[in-house]
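Listed next as structure tokens: two forms of one protein chain, kept apart as structure 1 and structure 2.
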Structure 1
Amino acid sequence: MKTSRTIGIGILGFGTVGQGVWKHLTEKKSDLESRLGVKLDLRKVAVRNLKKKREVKISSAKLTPNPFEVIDDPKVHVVCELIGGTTKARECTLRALRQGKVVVSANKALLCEHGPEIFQAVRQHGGQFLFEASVAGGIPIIKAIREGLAANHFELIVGILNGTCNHILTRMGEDGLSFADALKEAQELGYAEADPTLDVDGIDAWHKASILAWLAHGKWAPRNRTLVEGIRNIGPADIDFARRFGFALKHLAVIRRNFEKDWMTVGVYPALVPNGDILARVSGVNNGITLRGDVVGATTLAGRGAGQDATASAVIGDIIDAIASLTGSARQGLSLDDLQAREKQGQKIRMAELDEIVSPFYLRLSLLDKAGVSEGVYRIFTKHKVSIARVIQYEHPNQGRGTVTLSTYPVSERKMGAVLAELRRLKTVLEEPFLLRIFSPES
């Protein structure tokens, strides 16, 4: 097939994902050229260290320590930003967009923290910003929301967005490992970083949830109005409760929209998921996302959420879309009209108040083993009109304490917060109360 145009591709960053993109583009170059009707020119890669040994072989002539050399090359049409972080990545992204180029990125932190500025540059200079790889790796969730399910208004988007947390909780729930042991194993297998903070404290999932909220509703989830919790404090009693009553412990990102009252809520936290829910069966390092639309109903996508090949697949998918736009065969990504519509939509939406966010709750308490202690706890629930559904009491012989786990019927975050505040003041409550939400699609 005769090609009519050469498309230059530059890559910023040559870590795990960057090497995967280069490897697969190189291996599939002929096939992609034939399918797309273009010639692919893999021009340059910007790296921090020219002498570093890498698994993927690349000519030294293709490497540069200067990312601007890649961006400013007039023969580079598509810039893949795979640096990570937000400082240099922001500078490089804006520089490329201001030249009207297409930027493909897997950087969820960049998009979450600087999304309005990035899309303003797109509007002003006519470039494009494609970001399928920023959320859920190899699962095409962004394209599904943007294209395949575009006719829907989404009342609920709920997902397992962090493979590290899912692996740890899977091992704790199915194999009885402690959090510390499951985390250590995840680090040894390469699923968790030496410093796992972004993953296990929920920050990574919040970045992704904020992107999905903006994509579906036109509104970014501000950090100070988003409930973000990690999985560090989950213990054996929580695993036992889940097992006894038909739940799986999962780290969820939950985005709800009330169209009548024009509010949105975004939460990222560990939750008890009923075993009958498809997300309860998403195990290991996999991700899963359920979207409930007013037209399609509930749709779930699941698969590999991270790793070299899964993320590289999403990046290359965006590169293919970029080429389709550049050659005029189809406009891909978010058009200027799309961006303006989302901005207007987001301006009409408010973040929900605490008394509007309702769910069942699970609570674990470490109590002084003394007569009348439980009655004092239950009086606080009665005072705030919080109804208890189940109770399990564990004894700790010769330790002078007991553990009580209980679940509630649906109640607002505000009421449950008031209960917690009073429980913390009781001298008979020996440790910080541990709270989990019980996921229900309807609450």
Structure 2
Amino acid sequence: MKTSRTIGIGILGFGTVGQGVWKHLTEKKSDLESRLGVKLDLRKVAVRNLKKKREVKISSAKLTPNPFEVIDDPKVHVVCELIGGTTKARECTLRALRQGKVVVSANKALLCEHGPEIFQAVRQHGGQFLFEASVAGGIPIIKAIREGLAANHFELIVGILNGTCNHILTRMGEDGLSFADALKEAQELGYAEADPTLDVDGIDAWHKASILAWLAHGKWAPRNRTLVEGIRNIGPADIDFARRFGFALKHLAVIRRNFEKDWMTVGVYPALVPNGDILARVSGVNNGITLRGDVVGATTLAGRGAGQDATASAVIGDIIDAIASLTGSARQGLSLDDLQAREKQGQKIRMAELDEIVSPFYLRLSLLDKAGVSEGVYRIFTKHKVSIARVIQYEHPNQGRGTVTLSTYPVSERKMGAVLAELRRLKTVLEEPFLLRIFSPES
């Protein structure tokens, strides 16, 4: 009788995602075994605290406080790195890869900061590094770019990549919750990162956007050439403006590529998205990504972008791929060698200059309530030839100030930056002006 090969799986980190992976792997074990023609050995899990009470059932014999015990176990072939962070996670990932093992990772920060070193270790030692869970939770966006859409060059990739921000903005916009209450709710639902500032200040989305830009164009966008803004400063006047003029407020990641001029831009920021755009209807914890490819046209993928089950789905998808390749099934789509060739081409791409990045803008100003103040503001727009499209003024009786919200026609980042710099110098502008981009696929 033919005995099937046994594949050992080890997990590093047993937080929300680690427990989700364990739970679903345990439940689906026999189904996966018969589909893949292997025996699965869910061997070991490295945890920080052996005594901690956990929601999933696991025998204490499977737990170890030492991640190296999991990695170095010769019967562990696939190591799931779900620790997070970039120090211990880097050490563990490289240790496993140097033994030629497969590492499945949800760690976008690690990939962004140490991608070249990780792939070097893969090439040198013949292992694999799979990272579907690092971007957009349960949506198979990495596979979509590497496999289903591999025929395309992408001039635009635009997405809602942070479930926590999208949950917060949806609850603020549709249900009137405060930022703090909506954040607390997202944390309770298990969407937020251990440090929620990574979510609300745009860092998590920036990591994910960098990975997509690298995958699509072969270039890691430098942090100092990427606009990274979070959602902390969004207030009721911004939500009101969006509602009145037919926009949804979304935290977007925008990757544009100009093939003629060979530039790329990567930015993550809150933006006003016209209600007619499919992304305006991606609400709650969901993520959505529209890719505009030269062959396929615009394709949008949407689904749960954070949370235990969605992320576990992506991790298990990678485990299944890993087992297929360990047992000799063919892999299709862009291989690591293809990505290396893409990186060579990516070397000639430059980051776009500020004159080349154009969009309509939205601006909120807190102004001294006195005759002639608005005129002083508008004069600055006129001087820089920035045309205003819409304005709303709100009065705050007896406070000596008013709020003005306005939108502009499309203008470059450089011009809008110059307007902003002059506005900041006006004594009649009482608070830091609050600027948002209005998203349009065309600009």
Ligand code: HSE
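Quick note, the numbers are simply positions in structure 1, starting from 1. This one's a predicted model, so the numbers in the text were calculated from it and none came from an experiment. Each form is matched to the other, and the largest set of C-alpha atoms that superpose within 1.5 Å is called the rigid core.
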**OP:** Only one of the two shown forms is the form predicted together with the named molecule, so please name it by number.
**Re:** 2
Original post:
What is the Cα shift of A180 between the two structures once the core is superposed, in angstrom?
Top reply: 3.0
